[in-house]
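Next up: a single chain in structure tokens, the form predicted on its own.
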Amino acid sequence: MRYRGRVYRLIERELNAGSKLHFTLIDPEKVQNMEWLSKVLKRVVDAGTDAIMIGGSLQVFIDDVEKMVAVVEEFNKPSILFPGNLTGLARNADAILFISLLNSDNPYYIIGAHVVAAPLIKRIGLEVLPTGYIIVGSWDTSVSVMGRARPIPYDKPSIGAAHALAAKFLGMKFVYLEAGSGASQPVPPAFVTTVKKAIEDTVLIVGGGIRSPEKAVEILKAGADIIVTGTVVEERLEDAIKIIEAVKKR
């Protein structure tokens, strides 16, 4: 909990200095064991990742998340919860992306879960990072199915911009464009540019389907402030390292 209360300020400081950030997303369902996690974290931290996000759509248990956070603490990086539901909470994490899935058809994922979680988060004392979460692209990713989302087509960036601007007007500090875990392609650069122009200084996170350094840099140039990689970390760690290094050279 060494970064609790300081995560947003750290992000803001880096962005104000002209840096771009990389977050590594670890899905508890994909973690083989804590030894495996420790080895992966050492590689991504050495490469320069700025924070470790923990979360997933299925088979997430509070005990497992807390064990993972304890391992993250050994590497002196902020731990940020990325919950798909209440089971993604952990007492020992630094912060939580308090995500409202803006294009869900189910009010539970827009505000319902948040009402239940808010008193728990206050009691735990987690730093809250208010985030407008927008699913882009495919209907068949886990997050689309589990979150009952109506994904915004890749060729309809103005609709994405309208959702993002609503998040900004509601006071959310982050907008997260998500193509989904294992997506066949990431959010297109033109889509990213349209959204960033709409929300201006609101922090823009982009994740899902980013599998190469070239694509990561292209998305950063389009306007993203933070790149998130998850599946590539689990499946092709060497490619993930190259992505992190490319982001940190920006």
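Because the structure is a prediction, the values reported are computed rather than measured. Numbering starts at 1 and follows the sequence shown.
Beyond the structure shown, there is the form predicted in complex with a small molecule, which is absent from this document and is the topic of what follows.
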Problem - Position in contact with the small molecule when the complex is considered in the predicted complex, options A183, V65, I219, I52, heavy atoms within 4.5 Å - result: A183
Completion exercise
Testing 208-216, 40-48, 66-74, 192-200 against the small molecule in the predicted complex with a 4.5 Å heavy atom criterion leaves exactly one stretch, namely 208-216
Handout entry: Heavy atom of A240 within 4.5 Å of the small molecule in the predicted complex
Key = no
Practice task
Examine V228 and determine whether its closest non-hydrogen atom to the small molecule in the predicted complex is within 4.5 angstroms.
Solution key: yes
Practice task
Consider E178 of the chain shown here, and say whether it contacts the small molecule in the predicted complex, taking contact as heavy atoms within 4.5 Å.
Solution key: yes
Problem - 4.5 angstroms heavy atom contact with the small molecule in the predicted complex for F82 - result: yes
